[in-house]
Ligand SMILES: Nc1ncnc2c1ncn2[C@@H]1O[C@H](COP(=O)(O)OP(=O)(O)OP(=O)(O)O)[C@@H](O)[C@H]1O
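Let's start with one chain on its own, the form predicted on its own, as structure tokens.
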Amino acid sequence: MSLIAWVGVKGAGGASTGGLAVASVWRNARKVLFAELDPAGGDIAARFALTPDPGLVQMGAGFRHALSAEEVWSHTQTLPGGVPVLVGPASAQQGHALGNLWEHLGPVLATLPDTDVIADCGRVQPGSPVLELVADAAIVVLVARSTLDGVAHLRARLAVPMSDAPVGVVLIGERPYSAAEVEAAVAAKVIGVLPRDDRAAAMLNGEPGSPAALNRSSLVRAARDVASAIAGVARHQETRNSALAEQAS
């Protein structure tokens, strides 16, 4: 029962596709839910020809004072590869109209029974309502390019913590700077690298192709390692939080 906040750093094109790749290879004992929670608006419905409802906007329209796990699941759809998805708002206007739903969503997603949630939070601007949700995450994953400007944007993002959760960095590409060089530059752990693989990315985003070829692609192979690293950090954080709760009681 872990909430993973997947946050794109400025200029990190492909961050959402990377999150979807990780969700598609999530091979832990629990289920996975990919939640599109960018208040600025998402693209997953358009890319996969899904209907807007059921989804987050419909959930928000019926929200009053509380939210349950059952309500979350009743508003999900299923992607072609079998990953359950909570379709997010299509625009910033819809995202901000969700109001108080944001502060109630985090605790529920963080405790969904036998489920890990990968929440695509977008870039997370100052004052963003999704910050309410990031505060409940077991790990915050910052996705950045390994370029000079990408590293600069990553350093600036790290300078303003979003929560008390541990932070891991996932790089899109390892050129011109390696994972070790980026770690040294920003003083944060790089937990994985996702290569640029345009064909695999296109298939992950709904374009036709061979499932076998996608499974063998460099992007999906790397996503398995990233998923394993994230799950390890999240499990450690769960154990730590449980121990602290026991001590407090």
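Just so we're clear, the structure is a prediction, and the values are computed from it rather than from any experiment. Numbering starts at 1 and follows the sequence shown.
The following text describes the form predicted in complex with this ligand, which does not appear among the structures shown.
Taking the partner from elsewhere, Arg221 is found to have every heavy atom lying beyond 4.5 Å of this ligand in the predicted complex. In the predicted complex, this ligand stays beyond 4.5 Å of every heavy atom belonging to His75.
Among residues of the shown chain, His153 is not one whose heavy atoms approach this ligand to within 4.5 Å in the predicted complex. Contact check for Asp43: a non-hydrogen atom falls within 4.5 Å of this ligand in the predicted complex. Of the candidate stretches 63 to 71, 197 to 205, 183 to 191, 50 to 58, only 197 to 205 has residues whose heavy atoms lie within 4.5 Å of this ligand in the predicted complex. A single residue from the set Val226, Ala234, Ala12, Ala23 has any heavy atom within 4.5 angstroms of this ligand in the predicted complex; that residue is Ala12. Each of Ser16, Asp38 and Ile172 places at least one heavy atom within 4.5 Å of this ligand in the predicted complex. Annotation for 122 to 136: the only interface residue with this ligand in the predicted complex is Arg123 [heavy atom within 4.5 Å].
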